[in-house]
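Only one chain is included here, represented as structure tokens and corresponding to the form predicted on its own.
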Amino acid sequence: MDSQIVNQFVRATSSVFGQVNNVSLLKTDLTYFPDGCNFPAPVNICLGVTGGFKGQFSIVMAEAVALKTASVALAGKEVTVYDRLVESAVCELANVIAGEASKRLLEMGLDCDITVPSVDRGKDFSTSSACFVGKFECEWGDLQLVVKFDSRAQIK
């Protein structure tokens, strides 16, 4: 069950990132951390999941990836400074990824809702609860996807 849920977020991240940014993501690792994890998080976009299961997922990216994402949102206008516009662009990207993952989960019989994203900058990502971390590479830099949830979720 856990891998079915996590794989929907992994697939949604790869698919949407490529469609929206026209950049291919290469998944380099997917690891389960039963006791949580801690790593640097230059830009961390976090969304909650409610409904069919409870949890959260985060997209952690280098600031350079966030700037490139904003540049794409502005039809190629180069963005060189992290500001509210960049934050808006990465939140929108996370919303689209969340929507795609939610759609995929619904097709599996697991109805869920996604909360509004929040962004943290320059802090470590840290959790003491079990989570999956997917690592991705692209020409812009690295991304991590962190998925953690109540494992009692039931697919209908």
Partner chain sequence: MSKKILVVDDASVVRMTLKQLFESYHYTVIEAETGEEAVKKYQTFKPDLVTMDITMPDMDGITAVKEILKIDAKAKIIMCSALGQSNKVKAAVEAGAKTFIVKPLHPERVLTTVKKYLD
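Everything numeric in this text was worked out from a predicted model, so none of it was measured. Positions refer to the first chain, counted from 1.
As for the form predicted together with the partner chain, it is not shown, yet the points below apply to it.
Quick check on residue 88: any heavy atom within 4.5 Å of the partner chain in the predicted bound form?
Heavy-atom contact with the partner chain at 4.5 Å: present for residue 88.
Taking heavy atoms and a 4.5 Å cut-off, does residue 20 contact the partner chain in the predicted bound form?
Within the cut-off, so yes.
My question is simply whether residue 108 lines the interface with the partner chain in the predicted bound form - judged by any non-hydrogen atom within 4.5 Å.
Looking in the predicted bound form, residue contacts with the partner chain do not include residue 108, since no heavy atom lies within 4.5 Å.
Quick one: does residue 103 come within 4.5 Å of the partner chain in the predicted bound form, counting heavy atoms only?
Because a heavy atom of residue 103 falls inside 4.5 Å of the partner chain in the predicted bound form, the answer is yes.
Taking 41, 64 and 80 as the candidate spot, are all three within 4.5 angstroms of the partner chain in the predicted bound form by heavy atoms?
No, the whole trio is out of contact, none within 4.5 Å by any heavy atom.
With the partner chain left out of view, which of 119, 96, 130, 30 would have a heavy atom within 4.5 Å of it in the predicted bound form?
Here the answer is residue option 96.
Of 109-117, 31-39, 54-62, 122-130, which is the one stretch near the partner chain in the predicted bound form, taking non-hydrogen atoms within 4.5 angstroms as near?
Among the candidates, contact is made by 109-117.
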